[in-house]
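One chain follows as structure tokens, the form predicted on its own.
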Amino acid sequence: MNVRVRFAPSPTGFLHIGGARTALFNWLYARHTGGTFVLRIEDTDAARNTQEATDVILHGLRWLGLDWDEGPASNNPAGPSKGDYGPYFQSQRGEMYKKRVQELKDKGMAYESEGAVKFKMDRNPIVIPDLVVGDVRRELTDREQVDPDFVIIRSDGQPVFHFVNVVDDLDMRITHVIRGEDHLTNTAKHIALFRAFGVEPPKYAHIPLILNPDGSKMSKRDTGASLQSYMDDGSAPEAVVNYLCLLGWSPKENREKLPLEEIVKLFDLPQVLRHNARFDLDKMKWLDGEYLREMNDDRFRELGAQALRRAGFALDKYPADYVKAALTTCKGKIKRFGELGAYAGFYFSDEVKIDPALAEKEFTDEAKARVKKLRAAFEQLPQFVAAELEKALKATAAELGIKAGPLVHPTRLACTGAAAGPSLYHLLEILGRDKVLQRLDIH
């Protein structure tokens, strides 16, 4: 069987962490089996759906690295490649839905009712074979026993979720539907619709819900619920993907940090856990820090530059080698890229903002005199490099009869605006002679 899975979000707000996890599980299963991952935007509700929300979904998936395999091709004259495909949009498939409604009417399985179209539901119980939950027997409720039929086309002509969901899965030859357990209650209707069209339904795998630490269902307003918050805070996409994998799936040996290539090899639906997953923001932050610590230099600088640009720093004003060197001094010193603005923003600012309380503490008249002497020593250096800067500072301290600390602290504050940060001598070298002398000219 050629596995075909899909992620079918509705663009009505932001990309919830649960939706991102659903997309990831589908993507992982497609990659694990050598199958196809389809992206479909369920945008038939024109009153609620927006292009902005669609863009948020697409941007979020791309940020996570979840590429989809097919869709309407772009106008690339060289022919479409995977990156050229757009998602499918339900709003562009109206004619297909009309044909499928007529097909059900012709079979006597759909009928007009008060301006709407209703599907004639099977009165017998339906067993849902689920690859995660197990077999679920769906009995008709008392109310449904009276009238189990349900609307598939509203009186305004708009198709409902149950109908378009099934038609699209049928037409796109979806073999496995991997979605949140909250959709399990819809599945009996979907199975009935598939059978009405004369086809066997796809295999279902309803994955566990994501809960808050207190056991309540995570809503869009809860901390950590929005994928955008991780993007804004400068989390590493690799860390978010890794953590999302652990929400409802467990590799062997209770391992937590795994490279994506290994997760793809290990991931399979039988390993998806039955019980709901509890979101742990502290573990997410820990995993983020681990990824930053072990990240190769090029990737660190790439993501670091993106974070600084998001924070409003105009990196394009600076030579590429300068940006590269500045970011290198931050490696191993931060836990999230969102910290870079405060930690290393001094590299990319014309003026340094200094907390008045720190300035009062460090810039005493005596300290200013010392820094002035150090400035003169720095000005005379034939080479403005870290090793020579360190020698000059220690020599100046010895000449003043003090330890290095009383010189290091005001120098760092004057040049960076902070009491802590990257290695002092290396950051001075990167800032360069002119900028350092200017910042050490304390009044």
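Since the model is a prediction, treat every value here as computed from it, not as a measurement. Counting begins at 1, following the sequence as shown.
The same protein has a further form, the form predicted together with a small molecule, not shown here; the description that follows concerns it.
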- Just one of His176, Arg179, Arg100, Lys189 has a heavy atom within 4.5 Å of the small molecule in the predicted complex. Which one? Arg179
- Taking 4.5 Å between heavy atoms as the contact cutoff, choose which of Tyr322, Trp286, Phe197, Phe161 touches the small molecule in the predicted complex. Phe161
- Among 217 to 225, 308 to 316, 161 to 169, 250 to 258, which stretch has residues with heavy atoms no more than 4.5 Å from the small molecule in the predicted complex? 161 to 169
- Message: So in the predicted complex, is the small molecule close enough to Ala8 to count as touching (4.5 Å, heavy atoms)?
- Response: yes
- Residue contact check: His183 to the small molecule in the predicted complex, 4.5 Å heavy atom: yes
- Task: Determine whether any heavy atom of Glu390 comes within 4.5 Å of a heavy atom of the small molecule in the predicted complex, and answer yes or no.
- Result: no
- Asp67 within 4.5 Å of the small molecule in the predicted complex, heavy atoms: no
